[in-house]
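Here you get one chain, nothing else, as structure tokens; it is the form predicted alone.
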Amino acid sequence: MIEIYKSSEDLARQEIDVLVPTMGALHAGHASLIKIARQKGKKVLVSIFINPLQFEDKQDLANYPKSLDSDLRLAEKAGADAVFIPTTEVIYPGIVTEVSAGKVGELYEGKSRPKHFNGVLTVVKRLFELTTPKMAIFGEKDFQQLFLIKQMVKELSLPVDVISAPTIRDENGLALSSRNIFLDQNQKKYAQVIFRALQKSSIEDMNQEILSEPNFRLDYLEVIDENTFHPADKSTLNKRAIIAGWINQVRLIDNMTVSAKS
């Protein structure tokens, strides 16, 4: 039976090898992170906490999917030893010291969602403080988030190894996301344009592919240097295309490495 922790006192007696931070509504993508964690350490902890600081829209926060019973089953089946389900008071017991995501946190996803990454970094730092893991695993689907967490860990000299895990996709290439449950079958077909676009060899071809699907409303599409998050140029060796947009009111993000010769 999987253990459930709810307080800092519960955690104080534990030695956590690997933390898998989540906001719940777990799916196969989360299961893949837990399975990787199982290979890395003896004690695997999954945290489930819907962080209010990273939502600029209160309705979006209220509507975020919740499925605790199935989350616990998935976490246990994937190999987690325990699940940490804190309240807001446990994570933020008093005045919140916000972590700044800096200039990169204001770009792309941060431009469309002001203060979002400050909220992400703030909660991740608190989770690290409470669980004191040796390692933590994050998916590459949220690539800007992953970049900023690695940057925070380095700048603050936090004693955690951040491990990145590949994006998990459905049979049609759509990146798995907790928000995908809000898409009907037709909308999932429209969303396949994201994967098709990311497979193109140039930003021009990517944009042309996006224009072929009128049901997808583009927010941004850029090829960046994945080591700096600056726009890529001809000399960039580690290129990654990042994209975000909406199908109806559902926001979707994705990314993929791009050939250095493109």
Ligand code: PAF
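The numbering used is simple: start at 1 and walk along the sequence shown. Everything quoted here is computed from the prediction, not taken from an experiment.
There is another form of this protein, the form predicted together with the named molecule, and it is not shown here; the text below is about that form.
Checking 131, 118, 180, 145 for any heavy atom within 4.5 Å of the named molecule in the model of the complex turns up a single hit: 145. Using a 4.5 angstroms limit between non-hydrogen atoms, residue 108 is distant from the named molecule in the model of the complex. Although the partner is absent from this view, residue 23 contacts the named molecule in the model of the complex, with a non-hydrogen atom inside 4.5 angstroms. In the model of the complex, the named molecule lies farther than 4.5 Å from every heavy atom of residue 72. Although the partner is absent here, residue 191 lies well away from the named molecule in the model of the complex, with no heavy atom inside 4.5 Å. Stretch 49 to 57 is the contacting one of 35 to 43, 195 to 203, 49 to 57, 217 to 225, since its residues have non-hydrogen atoms within 4.5 Å of the named molecule in the model of the complex.
Taking the named molecule as it sits in the model of the complex, the stretch 104 to 135 comes within 4.5 angstroms of it through a non-hydrogen atom at 120, 123, 124.
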